[in-house]
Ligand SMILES: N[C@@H](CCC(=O)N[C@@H](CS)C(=O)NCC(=O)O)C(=O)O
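The form predicted alone is given below as one chain in structure tokens.
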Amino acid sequence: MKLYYAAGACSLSPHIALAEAGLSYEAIAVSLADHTLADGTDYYTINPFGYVPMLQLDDGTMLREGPAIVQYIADQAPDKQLAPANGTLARYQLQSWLNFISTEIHKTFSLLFRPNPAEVQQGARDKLRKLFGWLDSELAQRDYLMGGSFTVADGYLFVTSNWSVPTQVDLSGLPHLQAWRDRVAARPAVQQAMQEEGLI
């Protein structure tokens, strides 16, 4: 498989999932500044939308959208328990977490990566602070989003929560969230993916 990624972007989530799953993959960096690969290939010829992640399967099939990609990866290594089995209530709970992270956390952060008016950016920061405050209370009761074990939802939330530093979203005073972030950051597969992207 080939994962098209940009360092530190949301594509780090499937990168972590691939490392956690122990699958064979090639990570291919995309410059989002000019939408090219290192060899000069126009990335729009691979993904017409120009964004990451994009996962190319061994048969050439292309899979877009992070929440779909991480579930596909998890299903290729069911013994790793990165996602509950399809058809179970727990799987729908995982999908609920992935949708929440995508539509509430990820999309709100996107307002801070664009040249929006100051009041729009402050509104986004205020919303994110409330969302992370709620997550802090949820994580007071368990080690990971789904309970006692890491899932692909944790990888996605970890990546988006990392964006709090460059966007100046205040996560101070959220001890359960910070403890969870420390647990995720310490995982060998997370370290591996971040090293491969040059983030640490």
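Because the structure is a prediction, the values reported are computed rather than measured. The first residue of the sequence shown is number 1, and the count goes up from there.
Not on display, but discussed next: the form predicted together with the ligand.
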Practice problem: Have a look at Tyr51, Phe132, Phe158, Phe150 for me and say which one sits with a heavy atom within 4.5 Å of the ligand in the predicted bound form. | Solution: Tyr51
Quiz prompt | Listed residue (Leu177, Val184, Ala189, Ala9) with a non-hydrogen atom within 4.5 angstroms of the ligand in the predicted bound form | solution = Ala9
Quiz item: Just one stretch in 105-113, 89-97, 75-83, 123-131 has heavy atoms within 4.5 Å of the ligand in the predicted bound form, so which one is it?
Solution: 105-113
Quiz item: Is there a non-hydrogen atom of Asp42 within 4.5 angstroms of a non-hydrogen atom of the ligand in the predicted bound form?
Solution: no
Quiz prompt | Leu32: touches the ligand in the predicted bound form, heavy atom cutoff 4.5 angstroms | solution = yes
Practice problem: Tell me, yes or no, whether Glu138 is in contact with the ligand in the predicted bound form, where a contact means a heavy atom of each within 4.5 Å. | Solution: no
Quiz item: Would Asp170 sit within 4.5 Å of the ligand in the predicted bound form, counting heavy atoms only?
Solution: no
Quiz item: What are the residues of 165-195, in order along the chain, with a heavy atom within 4.5 Å of the ligand in the predicted bound form?
Solution: none
